[in-house]
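For reference, the chain that follows is the form predicted alone, supplied as structure tokens.
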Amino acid sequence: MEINKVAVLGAGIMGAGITQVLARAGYTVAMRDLEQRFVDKGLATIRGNLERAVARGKLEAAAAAAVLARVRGTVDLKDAVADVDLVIEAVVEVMAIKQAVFQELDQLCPPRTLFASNTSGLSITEMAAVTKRPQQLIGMHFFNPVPVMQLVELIRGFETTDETFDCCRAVLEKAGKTPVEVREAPGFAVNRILCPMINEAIFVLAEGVAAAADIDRAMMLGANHPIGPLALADMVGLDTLLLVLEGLHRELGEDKYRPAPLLRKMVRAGHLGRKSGRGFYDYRK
């Protein structure tokens, strides 16, 4: 099956990034969100990214204009998915919401349409089970910032077919990404390893072992990480990190995945990282 038209559900940081890389790869993309203000913000993000690329000499102005011309923002779900080959869901990391989205898509999309979820660690099989096309649903976990990060985890659900997998892998490779095949498991591969490490850094901070900047500096210099774990948590979003850790703890039942109390407290306070202006660091300056 050849993919030409794509719909991305969600115009936030991840949805806008996914839309941008696919449009730059030549795909026609409908980016949909619940409210026009979210759509407008997503379009502005894409436009800003492309303008910076042009200013740095990494992209011709005509090429940037062509990318924007392939993107259409909308709040109309039916219109967005009416004749697409692939839908990528990038909505909030809550299973019930994702299932409701895929149930609706199942009714609106042509039989040929493939479904993908940008979930950070929720069950692809559980999402697929609410549709009449479980063989055509796959996990497509991009990393933030999407235009920069090379990796995409491509996750097979219990019934995902080779045809679906190969088709989605081809899309990612055309978009310049490097997909890695992952069998479904809580947290997949990267977050199964990464999130407990970030969580432990939060415990170290809460216990007063070292300050946030020193923890990050130590991991960057001592483990050769490009960014420290607490700064990375701020980039990911502390609410998203908490949801992933809660999922790991619930699914695997091991205390090593128990979210740090400080993380819960910060999320309750609305200190979610870069997107809220405050997290382990202050971004309001």
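All residue numbers are counted from 1 along the displayed sequence. Please read these numbers as outputs of a predicted model, since none were measured by experiment.
The following text describes the form predicted in complex with acetoacetyl-coenzyme A (CAA), which does not appear among the structures shown.
Not displayed here, acetoacetyl-coenzyme A (CAA) is approached by residue 147 to within 4.5 Å at the level of heavy atoms in the predicted complex. Contact check for residue 63: no non-hydrogen atom falls within 4.5 Å of acetoacetyl-coenzyme A (CAA) in the predicted complex. In the predicted complex, residue 141 approaches acetoacetyl-coenzyme A (CAA) with a heavy atom inside 4.5 Å. A residue is said to contact a partner when one of its heavy atoms sits within 4.5 Å of a partner heavy atom; residue 191 meets this definition for acetoacetyl-coenzyme A (CAA) in the predicted complex. Among 232, 30, 219, 243, the residue placing a heavy atom within 4.5 Å of acetoacetyl-coenzyme A (CAA) in the predicted complex is 232. Taking a 4.5 Å heavy atom cutoff to acetoacetyl-coenzyme A (CAA) in the predicted complex, the contact residue among 256, 37, 56, 250 is 56. When contacts are defined as a non-hydrogen atom within 4.5 Å, none of 123, 183 and 260 contacts acetoacetyl-coenzyme A (CAA) in the predicted complex. Stretch 191-199 is the answer when you ask which of 191-199, 126-134, 80-88, 158-166 has residues with heavy atoms within 4.5 Å of acetoacetyl-coenzyme A (CAA) in the predicted complex.
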